[in-house]
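Only one chain is given next, in structure tokens, and it is the form predicted alone.
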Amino acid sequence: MPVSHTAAMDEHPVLEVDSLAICYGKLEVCSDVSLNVRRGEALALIGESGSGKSVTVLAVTGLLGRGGAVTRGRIMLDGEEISRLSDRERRRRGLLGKRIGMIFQNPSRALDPVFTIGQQLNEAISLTGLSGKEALRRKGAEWLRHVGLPDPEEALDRYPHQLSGGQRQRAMIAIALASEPELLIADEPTTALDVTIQAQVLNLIRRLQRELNLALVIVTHDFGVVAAMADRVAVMYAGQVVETGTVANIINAPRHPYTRALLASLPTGVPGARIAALPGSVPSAVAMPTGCRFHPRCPIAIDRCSQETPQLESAAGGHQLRCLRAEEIARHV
């Protein structure tokens, strides 16, 4: 059984992102992104495709790729500034893989096809200081057993293509956790799986996160995943966080017009019920609207919304809102 961390939610954030801006070349794709997550807590990042969720977590992991860079703000991992470390320095400090575990969208792409599951597990486990062929194999089998893979000893010697999609995702979860990280990031972890396997994998991630008392950031576009997995939510739109709050507050009493529109567009389950589709689409970073970025799609926008840029500010009920009409909305909730 893997060693559990301290079973309590710390006040000090494991991850703190403060006023972050991310650019590819001269193009700013995210701006003024602020969020945090503590040990034992699960934070969901939600929004439509193109809202900046995945880019934000790629900045945290140092995987922005060629041309991508953090140009303003900071990323703190357990009190250490990491946003401007070089790739070499990140590797030296063991950030991704040891201190940060990552579950990617597609396990078929993320797992190396030329190495067995056992070899890939060994690489992660060795970051904890464990060594020796037999000791690594025992620990690897223990992790595969812990994530529910049948015949873990046999699975260690299999290549990724010899496992089913659900089994590959379980193996990836084991690899992400085997280095005993402080922070676990799950970027749309069930995208490539069928519906029945999705629920199993989400339940597995949530159970392990609680058992190991990890800080968890899960990226999703599905409020069903938010309700099942998260303690708090950060809603993103056009490269900015527009609302944060507890899951109960966001789902039951959303304040930002974008959050309300997302929730209103969900199927109700009532036969014949009309879904309130959100018109338009997330703007491109090359043609970002002036003022509030949501105002061209907002049902309550006024002239002021196209001229003034809203800041993320505290609001009633533990929310944070980026909306010029936040006080008016609060009076009518």
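Just count from 1 along the sequence shown to find any residue number. It should be emphasised that the depicted structure is a prediction, and the values quoted were computed from it without experimental measurement.
The form predicted in complex with a small molecule exists for this protein as well; it is not shown, and the discussion that follows is about that form.
Remark: none of the three candidate residues (223, 227 and 248) comes within 4.5 Å of the small molecule in the model of the complex, counting heavy atoms only. Listed residues 298, 35, 70, 29 were compared with the small molecule in the model of the complex; 29 is the one with a heavy atom within 4.5 Å. Note on the partner interface in the model of the complex: the residue among 50, 62, 291, 40 having a heavy atom within 4.5 angstroms of the small molecule is 50. Interface membership of residue 180, defined by any non-hydrogen atom within 4.5 Å of the small molecule in the model of the complex, is ruled out.
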